[in-house]
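First, one chain by itself: the form predicted alone, in structure tokens.
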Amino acid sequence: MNRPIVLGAGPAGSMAALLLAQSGARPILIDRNQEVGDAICGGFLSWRTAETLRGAGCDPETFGARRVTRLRIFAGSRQAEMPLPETAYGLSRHALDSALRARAVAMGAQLEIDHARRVAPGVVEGKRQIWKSPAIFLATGKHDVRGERRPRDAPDPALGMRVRVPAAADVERLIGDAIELHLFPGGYAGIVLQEGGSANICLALRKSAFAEMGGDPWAIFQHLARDNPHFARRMNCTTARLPIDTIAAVPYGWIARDTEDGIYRLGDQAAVIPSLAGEGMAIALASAKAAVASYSHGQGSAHFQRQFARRAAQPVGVAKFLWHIAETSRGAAAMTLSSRIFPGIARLAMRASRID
């Protein structure tokens, strides 16, 4: 089989399948789930992401995405607010992934449902069957597949948690057209409204902080609300114990600088930018475009991976630096104060953490 295989039908995989189909390559798009899920990360679409999606025929506003024009930063009782360089959007991963998967299939990608057990050059071993191709586009997001695992050797890795607060007048009034960053020792929470008016609250927390707070996700959200008044107002919009989605050991800051022959690593399999930058979806789509271009020009997977690693180095490095500052009490206070007094610094950081 010479048809390229795309493993994973998230944003990176679906975009790669879409572009491959447009080029006449007839890709096979494999995903483990027939029904599109709602992944934890990626609910904020930067202006770069929106531009790329429009170019692929998927305008976020047609799926009900909420416009985001401002950034708010909170650290304890301190806060700062500034306009974004350009209009961004809040959109659930369910809506985004559904649109991109459907677009890829409409363009000619063949969707197959299978659970990949192992990946090696030229081979995807699935639960249903063995898939063979000289070109495999690995786009499994934050979930690794045996044979192509990313290193997990960080001494104190980050954990991801997400809760969705239902739409309500108080939620709309508090958040409006802003993306919010709530900073606290050991982590941060990002909040944005999405289609339908619900608030998506994503929390990144060091494993050590998670353990110190007792290890119960809902109790951790409540603990953070007690110590952070602005965060408490958002959490007080609901009295129910809401479902919380979690993901362990997110390797923030990791970049794939090389790859095996015929394996193109996309999205979080190529570079994992700390989520406070809000650039994860842009990196996913940019990696898909670059990988397909490299494949189409016969440049090979190693060429693509090295080139993309160089492109990702600045935004990932800047976001990692900001993350390390933001997760300390003094750093968070300084970041909030400087953003309020010198908003140009914050805008510069926003632009520096975008993928070129």
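What you see is a predicted model; the values in this text were computed from it and never measured. So that there is no doubt, residue numbering starts at 1 and follows the sequence shown.
What follows is about the form predicted in complex with a small molecule, which we do not show.
For the chain shown alone, Val145 is a contact residue for the small molecule in the predicted complex, at least one non-hydrogen atom being within 4.5 angstroms.
Among heavy atoms of Phe304, none comes within 4.5 Å of the small molecule in the predicted complex. At least one heavy atom of Gly8 is located within 4.5 Å of the small molecule in the predicted complex. With a 4.5 Å cutoff on heavy atoms, Tyr252 counts as touching the small molecule in the predicted complex.
For the three residues Ile30, Gly43 and Ala139, a heavy atom within 4.5 Å of the small molecule turns up in the predicted complex in every case. Of the candidate stretches 207 to 215, 275 to 283, 254 to 262, 223 to 231, only 275 to 283 contains residues with a heavy atom within 4.5 Å of the small molecule in the predicted complex.
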